[in-house]
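Both blocks below hold the same protein chain, though in two forms, and each is given as structure tokens: structure 1 and structure 2.
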Structure 1
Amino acid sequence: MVRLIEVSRRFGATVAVDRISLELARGAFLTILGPSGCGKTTLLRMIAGFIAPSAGEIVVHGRPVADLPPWKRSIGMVFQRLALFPHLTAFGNVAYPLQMRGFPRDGIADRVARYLRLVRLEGLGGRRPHELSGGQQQRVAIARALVFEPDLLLLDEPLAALDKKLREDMQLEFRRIQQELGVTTINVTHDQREALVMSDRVLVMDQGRLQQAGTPEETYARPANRFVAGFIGLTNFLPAEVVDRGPGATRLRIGALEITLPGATARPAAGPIEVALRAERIRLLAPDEAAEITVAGTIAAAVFEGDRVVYEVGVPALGPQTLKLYDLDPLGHGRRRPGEPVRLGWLARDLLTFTP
């Protein structure tokens, strides 16, 4: 449904998007993920037709769209600022795209009613935007973007302004609607959870460049580089050195600790590298509990987040850097206090290695 071929965009000397290529199948949900200023919104606006590429080609539904203005691209869009017409009712806002496209007047009411049902706003069509909650306004914007049955739906951080609970609810709602309709969707966000929850594929960008493209599971479990590993999830990075690398194992030294990784994991035969270990892969061990890799440490800080505690632990064997980890059962385990000695454990296969 969507194909980008070496698409770039320059603003003077600044390269906002640098040679991005991708293919997106019909009915798929892609999220473009990255920090502020990475070029993701510029890329979305080029697909929409609001900005022309400096180089490359954009193809939608098998047709190059360089010469098509936005209103001829069969694209629905939901913005961060929803841009609902305040003087129109929910019904009027949803009907507006049909009226502008010359949809037969006698079919508009049924079509609008069907899409208001789809977004669970039955009986609220007569309300104006200020009479609706934030989540309900989001649903009106979704219905308006979909009512004319576009080939492609673009989402420009539409959930960014919502509170955490409503944002998480709307992530599931967006996914439900997208799957029910089968509309090809591209979402832009800096929210890691949103990207992982909503998407079939995730495209990670930084400084205008593609860092990784894959399924949410691939992107999380096998990050392509240090940036992706650090941007998605809570990750500890530790300096290490390759002591020996054979065909079946790699031996690393991290501080005073030597660890053998299965397979020829680290790229250099010897020398400095960086090791990454995600917070959720580290366990707080009971006094009699064993683990493949075990280290002793001291609680440096603890942050209670309700469903988990985030601990920061000093581990002398690993050097001056602390390790961050989660306890996902704080009520069952009890709260550890700063200064309390602990034992930590993890598996060798949980270590990711990157060359500096």
Structure 2
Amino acid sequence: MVRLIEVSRRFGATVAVDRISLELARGAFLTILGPSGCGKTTLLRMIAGFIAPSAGEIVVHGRPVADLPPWKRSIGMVFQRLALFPHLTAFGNVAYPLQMRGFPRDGIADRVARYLRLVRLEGLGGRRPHELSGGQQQRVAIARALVFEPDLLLLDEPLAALDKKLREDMQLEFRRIQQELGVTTINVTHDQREALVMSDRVLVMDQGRLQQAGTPEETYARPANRFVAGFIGLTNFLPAEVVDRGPGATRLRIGALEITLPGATARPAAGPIEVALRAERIRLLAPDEAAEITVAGTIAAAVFEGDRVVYEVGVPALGPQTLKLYDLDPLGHGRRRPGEPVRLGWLARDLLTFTP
């Protein structure tokens, strides 16, 4: 089990990591998600032992690691730029931790071969890093970080530099290897899709602070604040106002539209608030189709993305701002042109409310 207790790190006046606490069960896969510069790398470097926390404590498998230098911690790390040893072959790179950690010599070759097989690099052990493709280099880095069976694996956005297709393949590949070995893993990324696809748990960070921790589903369905709602998924934000707060129901006004929220989801204080509505919760209605909430609008822009069309729709009743939504079956009913009138519908419970 890995525990961080109120870990902080400052660089001069900037607080790169601000009182982050987390707990991670043995064998779990946690992804820390946040925009570039939010302190992800700094957090991983503290766990790996390259820099010391300004405050707080890090415990790996019941043992505080503050006094342990990196080479005495049992932590494998895959670096943002991989940091493969250029003068060693793939085999040499993977054998390195075994040599440094004093594994019996005659067992090393077998062990390395086994891990090269695990990452599907059999036959390529003799190549130097520059003779391997980007994806193959990733695999060497993964094998090198895992071959000594560390207590904890850290991944610092190793997939960020790959092109989309390869990145998505490698995400599944990482997950497969992680589950095969059952190694406790902390992955770091600014790619929300990667976080949702790969992890058991997601921790959202912004400006060094923890924003939300939960399963991918929770994080997506019930964002804890406006930042999380905006960072994950394509989300529309609309200014609104609480008109009436009855027992069990809240009346909101969004532009010219009045909506009653069922009590369970209503939590705004009286006064101005912000309403979030995810793009995929809005439906393009057929002429005779009904929905709990319907509005009329005009297509302002349409972007064809192959498996879907992203529409921007102007809705006069909601004010000047357009709504973004998806049509997930563009081949089924044809693409609408800008200027075409449409009707949109959604459910009251899909509206998330935040106090600004």
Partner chain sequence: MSRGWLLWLLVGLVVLDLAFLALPTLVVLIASFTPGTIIAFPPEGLSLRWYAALLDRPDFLRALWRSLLVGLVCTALAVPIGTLAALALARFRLRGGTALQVYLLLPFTIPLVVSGIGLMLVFGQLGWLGRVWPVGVAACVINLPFMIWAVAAAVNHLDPDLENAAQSLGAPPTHAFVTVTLPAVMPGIVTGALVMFILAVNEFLVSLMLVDARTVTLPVLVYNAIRSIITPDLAAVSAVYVGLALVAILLLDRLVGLDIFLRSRKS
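If you superpose the two forms and keep the largest set of C-alpha atoms that fall within 1.5 Å, you have the rigid core. These figures come from a predicted structure and were not determined experimentally. Structure 1 provides the reference sequence; residues are numbered from 1 along it.
Item to check | Of structures 1 and 2, the one that is the form predicted together with the partner chain | outcome: Only structure 2 matches the form predicted together with the partner chain.
Checklist entry - Does residue 176 count as moved between structures 1 and 2, where moved means a C-alpha shift of 2 angstroms or more after fitting the rigid core? => result No, because once the rigid core is superposed, the C-alpha of residue 176 moves less than 2 Å between structures 1 and 2.
Checklist entry - Rigid core fitted, is the C-alpha displacement of residue 89 between structures 1 and 2 2 Å or more? => result Indeed, residue 89 is displaced by 2 Å or more.
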